[in-house]
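Next up: just one chain, as structure tokens, the form predicted on its own.
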Amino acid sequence: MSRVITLFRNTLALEGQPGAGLNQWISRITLPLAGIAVFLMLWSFAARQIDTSLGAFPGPQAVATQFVNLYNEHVAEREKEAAFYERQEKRNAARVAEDPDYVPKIRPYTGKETFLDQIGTSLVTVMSGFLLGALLAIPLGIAIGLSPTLSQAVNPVIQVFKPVSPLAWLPLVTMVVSALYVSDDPLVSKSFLNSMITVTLCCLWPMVVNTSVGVASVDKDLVNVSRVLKLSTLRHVQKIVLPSAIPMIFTGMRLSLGVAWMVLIAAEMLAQNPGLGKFVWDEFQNGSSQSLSRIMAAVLVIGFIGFLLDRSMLWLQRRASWDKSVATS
């Protein structure tokens, strides 16, 4: 009865404010737009006050111009690639016409990666490192959460390695990969492995910690029910632990994905793995009059992709978790 009265009161409140829903949606749109407009004005004003060795600091207009230039460069590079393969097909067709026993060979196009190509490379690298980290961290976190003894044994190791910078891991990873990954026809480049493993090492710890905390915090009543039903360990984890710990697990994954994306840029700079980090470093080394605006364009793209990754993880959390309130956080 009390729930019916509450619902009736809420209905009356909404009827008394017919524009409440519309005003809420307007505020959700106008306030972010106002914040962006203020940011752009401040950025434009500050850019005019700063002179560097490469010229004036780029404002919004200069960066927007570079976005157009970067896209045009991508289109031009794809046209070159298409023309390259077309020439090969014509030559191979002519050779086959002269010699039917000739086996055509297609050489891969070795042109430079464009800005859009490097975005794709960075996304593949960060997701590979993140997924590898999740495969290692979540089972380990579950085991730590279920066993206080294991937790006490592993916790010092986690606390020591958790704050280690990717810049410290990368030289070690590079040496290990160079020593172990020896192949005449490698499946992936060493620079990709260096970046991916560095990302994995740095994004492990938030997932391990949050997963273990979530598992250890499972309601004791649910644990007692599992004991009464005499569930096996696997069934206990499947039916009791995971549903209860999913919010904390996804919190750890969300934190780890943010860490992974930040770590990746630094790793790509040092490992020279084609990606956004290498793009920024190459533009810095280039030192042309357009370098600053191209770097600033990359900074905006890095931030926007990080935002999309975070929103994507929130969406996945809402789909997998009983706690739907995370969708608005």
Partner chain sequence: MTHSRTPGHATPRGLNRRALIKAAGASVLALGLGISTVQAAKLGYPEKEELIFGFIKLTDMAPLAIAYEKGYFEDEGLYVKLEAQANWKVLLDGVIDGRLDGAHMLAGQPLAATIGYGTQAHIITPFSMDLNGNGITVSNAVWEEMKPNIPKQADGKPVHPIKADALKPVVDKYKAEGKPFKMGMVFPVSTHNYELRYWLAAGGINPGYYAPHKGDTSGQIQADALLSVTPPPQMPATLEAGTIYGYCVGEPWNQQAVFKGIGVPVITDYEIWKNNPEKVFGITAEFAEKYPNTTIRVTRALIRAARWLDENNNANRPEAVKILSQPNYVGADEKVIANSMTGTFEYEKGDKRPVPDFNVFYRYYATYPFYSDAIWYLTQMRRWGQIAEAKPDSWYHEVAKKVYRPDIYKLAAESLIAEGKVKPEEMPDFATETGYKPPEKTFIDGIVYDGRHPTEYIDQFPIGLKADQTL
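Rigid core (definition): largest C-alpha set, two forms, superposition within 1.5 Å. Positions refer to the first chain, counted from 1. Source: prediction; values computed, not measured.
There is also a form predicted together with the partner chain; it is not shown, and the following applies to it.
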Q.
If the criterion is a non-hydrogen atom within 4.5 angstroms, does every one of 107, 111 and 281 touch the partner chain in the model of the complex?
A. yes
**Q.** Contact segment among 40 to 48, 260 to 268, 24 to 32, 284 to 292, judged by heavy atoms lying within 4.5 Å of the partner chain in the model of the complex
**A.** 284 to 292
**Q.** Partner-contacting position among 80, 235, 227, 162 - heavy atom within 4.5 Å of the partner chain in the model of the complex
**A.** 80
Q. Even though the partner chain is not shown here, does residue 169 get within 4.5 Å of it in the model of the complex, heavy atoms only?
A. no
(Q) in the model of the complex, is there a heavy atom of the partner chain that lies within 4.5 Å of any heavy atom of residue 102, even though the partner is absent here? (A) yes
(Q) Residue-level question: is residue 221 within 4.5 Å of the partner chain in the model of the complex, judged on heavy atoms? (A) no
(Q) If we define contact as a non-hydrogen atom of the residue within 4.5 angstroms of the partner, is residue 244 a contact of the partner chain in the model of the complex? (A) no
Q) Can you tell me which residues in 24 to 46 come within 4.5 angstroms of the partner chain in the model of the complex, by heavy atoms? A) none
(Q) Once the core is aligned, does residue 191 move its Cα by at least 2 Å between the shown form and the other one? (A) no
Q. Comparing between the shown form and the other one on the rigid core: C-alpha of residue 95 shifted by 2 Å or more?
A. yes
Q: Determine, after fitting the two forms on their core, whether residue 86 shows a C-alpha shift of 2 Å or more between the shown form and the other one.
A: yes
